[in-house]
Structures are given as structure tokens and as C-alpha cells.
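In the form predicted alone, a lone chain appears below as C-alpha cells.
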Amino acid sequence: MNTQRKVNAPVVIIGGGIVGCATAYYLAQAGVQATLLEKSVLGNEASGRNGGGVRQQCRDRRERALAMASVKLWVALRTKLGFDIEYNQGGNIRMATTEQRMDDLRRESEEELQDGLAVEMWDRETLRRRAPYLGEVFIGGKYCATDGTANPLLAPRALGWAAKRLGATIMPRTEALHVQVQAGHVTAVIAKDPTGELVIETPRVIHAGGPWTPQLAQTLGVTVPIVPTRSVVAVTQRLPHLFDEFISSHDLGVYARQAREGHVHVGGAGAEHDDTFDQTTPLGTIEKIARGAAGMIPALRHVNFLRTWAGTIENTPDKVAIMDTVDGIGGYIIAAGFSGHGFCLGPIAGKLLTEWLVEGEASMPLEQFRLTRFQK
């Protein structure tokens, strides 16, 4: 028979993606044993269903400093988590098929260099010499040596497991139903697990629910402008080693990385822009991915795709994350809307949120990620 239980927690984190798991990890390192609620299992949604790129280049300028700081954390996490997350700093190439795209990349490189990110512009000859596996369609590209890749299925889970070892409470298959507020301050989270209803009394909530954040926030009268978007990834048969970099082409609409075992993960082409939580993989989308992959890497023209999956991206109107408190609700912080960029940013988001809670102020400015920017 279902019963209601009551427990206490200094912080409740809603959402077991990479942002939630990283926050639980850094809080635990700081001596704060948070309780993390995940309605499914850790890393089962966007954090575990992406291309695995850990990149700093080709970002909105507001995110760039965060991405650069996060990559430093990724390098450290490779050894600190006690689990192989297959992180490899193999570089990142963004290719161009037209002079207009090359001009865009040049302008972007000037901005990145001003911000301290080391990037290189490659002409056709350099691209052929440095990345001979790429198709002849490309006339050049931009390269960042400190970018890389990691296994998206493993990274968020490894952070969650490490947080648990440090004292955090990780509760999979536990859905947050309501955030209780009294006198303008968070007092509890009402949740449901397979055994019944759970009341977690807490003064602080980190809401990192990804594309599901708006539904729960709305029960508090808070509007969070996030639209769910489907994105599909296809995985090839195992192949000999072809490349180490994370590669992408806006012109062909595809990106790819080669996993350690040899499978090439390709995604991006035909990404849906509708308001949908549908995670089916339409045949037409897979065909677009296959055509884009063949144009990008000729060696993929006749390979078999073994499996596909779809993830749900959480897009804000300007494709930049929200990390902010809410006026009138003390102790409630939203950390969502990372718009397909959260895999790289997860560690730094977790660290900054921890500083915000423990020290009262984050070590990097977060003003540009305020929810109120959408009210103007």
C-alpha cells in the first residue's frame, strides 16, 4: 500500500542529467549532501542522447568563458571520477563548403581569439593534410585543439555515482510533482517513487529538469520559455580508426565523432524544430543523416548503420541557458534551457551553482543567463 514518507535534505536537485549530476558532485565535494531526483535513470535523456562533443568553439559569446572553464574541469574529471568516461581532447573541426561560410568562421575566430580561445583557420590544403578523411566538398575550416569528445552515456552517470560515494542521495525513478512554498520561500519538494509519495523538506531547490522544467515551474506560476526539440543520432558498424576530432558542417547539416570501439556516431541532419517530446527516429531523418555522413566522410558511403536514437533538446528563444533565481520564491534556482550545449557546460554549471549556494556568489558572472532577459 502506498504511503507518504517524510525526509529532510539541505538541497534538492530536480533532474539527473549532466547539470544535475555535476551539481550533486560538486556540492558533495563541498560537504553538502544533496538529494537528487530523477524520474527515469541518470543521464537517460538529452545528456545521454547527444553527439558527445565537448567543445568551446562556435558558441554564443555569452557561453564561451563557461565552456573554456568547463573544459578544464573535464580534463580533471577524467581522473577524479574513478570511472573512464572516454574523454579525449582530440580537437574539433568546423568545416565550410562555401566562401561565405569561411568568412563566417573567420569572423568567429577573431572573436574567439580575443576571448582567449586558441583556434586556427585552415585553408583547403591544410584541411586535406590535417584531415584527409574528409570529403572534397570542403574548402577549409576552423580548428580548436583543446576541444574533444566524451561518452554521453557514461559521463553524467559517473558524476552521479561519484556524488553518491561522497554522500549525496541519488533517487532514480522518482518524479518531482510539486515544489512547496510558504511565505515566499521553498519548504519542500513533493515527489513520487514506486513505493508512494515522498515529502522532502528542504530550503533550497536546483531545478535542472531540462525540457520538462516548464511544466513543474508553471505550478509555481513561473513561466520558463523552453521548447522541446527532437534530435537524432545514428551509429555505424565498427570501423577501423578514421579520426579523433569532433567534426561538424552546418552546410551539410551533420556532425560526427568516432567512439573508442570504432563506431561512428553521426547526428544533426534533419533535426526537428517542432515543439515535440517525440523520440522516434523517422526514416527520412535517418536518410538525411546517411547522405550528410557520406558527403562529410567518403569512407562512410557504404557502411551499415546499426542503431539510432533520438533525444529531446531544451531550446530557449536565444539558444542560451537559464541559470537564475526567481523573484518571490526564495531558495529556488532554475538551471535549464542549455539548448543542446549542456553536455560540455555541465561540469562548470554544477561548480558555479555549488559556489552560489555554499558561498553566496559564483566565481564567474551569471547575469547574462537570467530568466528575466526574456521578459524584455
Ligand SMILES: Cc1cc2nc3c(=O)[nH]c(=O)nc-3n(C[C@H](O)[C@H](O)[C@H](O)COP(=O)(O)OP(=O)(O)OC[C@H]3O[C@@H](n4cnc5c(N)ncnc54)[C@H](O)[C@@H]3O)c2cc1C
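When you see a residue number, it is the position in the sequence shown, counting from 1. Since the model is a prediction, treat every value here as computed from it, not as a measurement.
Omitted from view is the form predicted together with the ligand, to which the following refers.
- For Trp212, a non-hydrogen atom is located within 4.5 Å of the ligand in the predicted complex, even though that partner is not displayed.
- Taking non-hydrogen atoms only, Gly331 never approaches the ligand to within 4.5 angstroms in the predicted complex.
- Contact between Ala46 and the ligand in the predicted complex is found at the 4.5 Å heavy atom cutoff.
- A residue is said to contact a partner when one of its heavy atoms sits within 4.5 Å of a partner heavy atom; Ala24 fails this definition for the ligand in the predicted complex, lying far away.
- Comparing 170-178, 157-165, 79-87, 134-142 against the ligand in the predicted complex, the single stretch with non-hydrogen atoms within 4.5 angstroms of it is 170-178.
- Think of it this way: in the predicted complex, the ligand has a heavy atom of just one of Leu242, Met102, Val186, Leu216 within 4.5 Å, and the residue is Leu216.
- Contact here is defined as any heavy atom lying within 4.5 Å of the ligand in the predicted complex, and by that definition not a single one of Lys72, Gly91 and Gln258 is a contact residue.
- Taking the ligand as positioned in the predicted complex, the residues of 281-312 that bring a heavy atom within 4.5 Å of it are, in sequence order, Gly311, Thr312.
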